[in-house]
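Next up is one chain by itself, shown in structure tokens, the form predicted alone.
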Amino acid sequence: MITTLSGGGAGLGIDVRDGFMLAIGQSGRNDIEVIIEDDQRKPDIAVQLADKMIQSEKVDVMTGIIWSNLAMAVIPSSVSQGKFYLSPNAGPSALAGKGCHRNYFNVAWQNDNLHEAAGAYANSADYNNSFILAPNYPAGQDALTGYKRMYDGELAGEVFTKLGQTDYASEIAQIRASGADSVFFFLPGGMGISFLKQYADSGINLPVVGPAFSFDQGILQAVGDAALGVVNTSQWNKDIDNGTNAAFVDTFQAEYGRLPSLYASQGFDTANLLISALKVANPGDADAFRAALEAADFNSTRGDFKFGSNHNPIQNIYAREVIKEGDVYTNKIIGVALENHSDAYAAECSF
């Protein structure tokens, strides 16, 4: 597991790690060794760690990367060397289409998916003139592409921000002057916290739509009242009604003393996919192990789970609203934005 455990975005990697290790612990298996390293959100360090994992540690399966630029630096080389990669988060379009690989499985989503759902929700809410913004890196580019793919209205503005940016005064001024009737943004981690607080302080009263990444459990407490009422899109929420999810929420909270996030659920599901495949075959028998992964015979926090032909999920994407339960900011599902949704790149993929 190579993931982000320090610096910007560390909370995301910590949640993936904790969800993953919760499932490993619950499995009762003592034959799975998990080696965990911190990529510090730096592509060069991620590449060095991947080389170490493959050359020195002789790992069979790799996982953990949060950020799409790190994924693109690590995954193509790793799978080409015969390793399996199970993504608990990053799903760049380049790995879903022509750059797909039979040993790459995304257990979370293809990057565009949650943004496509936000565009579909904007249509249902009769938004006709959205201002859209995201950081200028692969996931940010996929975000705006995804939103525009489903959104039927006009664009009041389209802006790429710097990755890691914290001051959004210029962008907020552009929103104010744009004549927009709504704002869509993808700014994960601390970027989203900074933007939402500054946006709330600006006095602009336009509705905001975004993917779960800026409204997830680990972020909401830092954002506070500025997030209340915002609709965001996610393939998971703590109130999805199935036994696996209810047990996951309870056991995660008991183990770690906090509510699980989207990222924690993805780590948990990734580990359970791995465990389900190991019951059938070892990674050394690559064809059998790959077939076991494709079967996805595990109980997911999302309910029924299945892969498309390019090893990306086919799943419901929900619209959620930020609410407050007692002193805790959280989300509740208000509807299905996209049902049994796959991705736009599968037709370009051939193994």
Partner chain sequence: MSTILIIEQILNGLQFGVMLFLMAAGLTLIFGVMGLINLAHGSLYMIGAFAAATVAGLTGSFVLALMAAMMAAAIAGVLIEVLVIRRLYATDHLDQVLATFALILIFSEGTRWVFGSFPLFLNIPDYFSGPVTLPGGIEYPLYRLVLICVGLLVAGALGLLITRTRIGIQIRAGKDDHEMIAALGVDISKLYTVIFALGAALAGLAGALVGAIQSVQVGMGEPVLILAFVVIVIGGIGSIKGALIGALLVGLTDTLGGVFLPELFKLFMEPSAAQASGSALSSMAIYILMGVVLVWRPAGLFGARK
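Positions refer to the first chain, counted from 1. Keep in mind that this is a model prediction, so the values were computed, not measured.
From this point on, the text means the form predicted in complex with its partner chain, which you will not see here.
Undergrad: In the predicted bound form, does each of Thr251, Gly257 and Val328 have a heavy atom within 4.5 Å of its partner chain?
TA: Per the other structure, none of Thr251, Gly257 and Val328 touch its partner chain.
Undergrad: Can you work out whether Gly224 and its partner chain are in contact in the predicted bound form, taking contact to mean some heavy atom pair no more than 4.5 Å apart?
TA: Gly224: contacts its partner chain in the predicted bound form.
Undergrad: Hey, in the predicted bound form, is Ser194 touching its partner chain, heavy atoms inside 4.5 Å?
TA: Looking in the predicted bound form, residue contacts with its partner chain include Ser194, since a heavy atom lies within 4.5 Å.
Undergrad: Is there a non-hydrogen atom of Val183 within 4.5 angstroms of a non-hydrogen atom of its partner chain in the predicted bound form?
TA: Heavy-atom contact with its partner chain at 4.5 Å: absent for Val183.
Undergrad: Please determine whether Asn242 contacts its partner chain in the predicted bound form, using a 4.5 Å cut-off between heavy atoms.
TA: Output for Asn242 is no: heavy atoms all beyond 4.5 Å of its partner chain.
Undergrad: Which single stretch, out of 121-129, 268-276, 173-181, 80-88, brings residue heavy atoms within 4.5 Å of its partner chain in the predicted bound form?
TA: Of the options given, it is 173-181.
Undergrad: If you check Pro135, Gly190, Gly97, Pro76 against its partner chain in the predicted bound form, which one has a heavy atom within 4.5 Å?
TA: Looking at the other structure, the residue within range turns out to be Gly190.
Undergrad: So which residues in 317-342, when you check its partner chain in the predicted bound form, have a heavy atom no farther than 4.5 Å from it?
TA: Counting only heavy atoms within 4.5 Å of its partner chain in the predicted bound form, no residue of 317-342 makes contact.
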